[in-house]
Each structure stands twice: as structure tokens, then as C-alpha cells.
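Next up: just one chain, as C-alpha cells, the form predicted alone.
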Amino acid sequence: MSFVKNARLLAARGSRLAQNRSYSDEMKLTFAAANKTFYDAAVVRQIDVPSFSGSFGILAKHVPTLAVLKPGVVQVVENDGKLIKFFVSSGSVTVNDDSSVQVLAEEAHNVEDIDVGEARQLLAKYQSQLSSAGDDKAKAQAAIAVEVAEALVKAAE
């Protein structure tokens, strides 16, 4: 098969796929953690998420995406313009072709509820554990805890 014929077939398939996708002008967010459901198919304007491939914003009609959350702040801009911030320790974010978004966090808390002093104490505790860790497993566990605690302090400040 010639290159030109292959290119035409691919272009035709791509055109059909684009026509079949049902992108919505509204974005529905489901955001939950083990401790609480924050949004359940709620219509929102924008979501900003921290991921290991870089932080990114999500609007309606966003390209379908799957990403792993890193410790940090998820920001939700509600339809009325109100900005709500949540700290997440880890998890995943899925953007579907119907403009629905699922943020599933291992643990999540409203940033307003975080006590900066307690977060700093937690960071100091984990830094101490990291420096005194005896084996590779203990060091790895303490390093992860330090990373989460550092993000927690940054979110609270």
C-alpha cells in the first residue's frame, strides 16, 4: 500500500473519530477521597491538578487524559467563580471525552482546614525519620512521607 493511500485512510479515520466524540460545553467533576466525596458530577468551570508529568488545567472539551496526581493542591473554580483549594497526597485524574472528570485521591483535605504549625511538625518528624532510617525500605518510606509533608506545608502557607 502506498504512503499516500495510508495517509488518506488515516485522515478519514481521524475525521470520523472527531465527528463521533461528544464533547460537552459543561464539565462535570467527581472528586473523592477515602475520607470524603467533595464533588459528585458537579458542573464546574475549571480544575487545576498537580501531576507527575506537570501541573495542568482542565476546562470543558479538554482532550481525554489520564494522569497520576502528585502531592499538592487541586484547585476547583466553580461555575460562580469561587475558587476552592484541596490538598491531595496522591491519586489519579481522568478526563473523559464527554468532558467529565474524575479526581480520585488517596487522601484529600480542604486547604483551609490545614494547620500550618502541625504540618511543619509533621515535616520535621519525617525529616528526622529519613535521616535516621537504617535500610533502603525505611529510607524510601521516609522520603515519600517527607515529600508529602513538604507539599502539605507549602499548601498551608
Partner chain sequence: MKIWRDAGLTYIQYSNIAARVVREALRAELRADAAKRDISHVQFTPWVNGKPKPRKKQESDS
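All values derive from a computational prediction rather than experimental measurement. Positions refer to the first chain, counted from 1.
Same protein, other form: the form predicted together with the partner chain, not shown, and the subject of what follows.
In the model of the complex, no residue of the candidate spot (V43, D48 and V76) has a heavy atom lying within 4.5 Å of the partner chain. With a 4.5 Å cutoff on heavy atoms, A124 does not count as touching the partner chain in the model of the complex; it lies far away. Among heavy atoms of V68, some come within 4.5 Å of the partner chain in the model of the complex. The closest non-hydrogen atom of E26 lies beyond 4.5 Å of the partner chain in the model of the complex. Taking the partner from the other structure, the partner chain in the model of the complex has no heavy atom within 4.5 Å of any heavy atom of A60.
If you take 131-157 and check each residue for a heavy atom within 4.5 Å of the partner chain in the model of the complex, you get D136, K137, A140, Q141, I144, A145, E147, V148, A149, L152, in sequence order.
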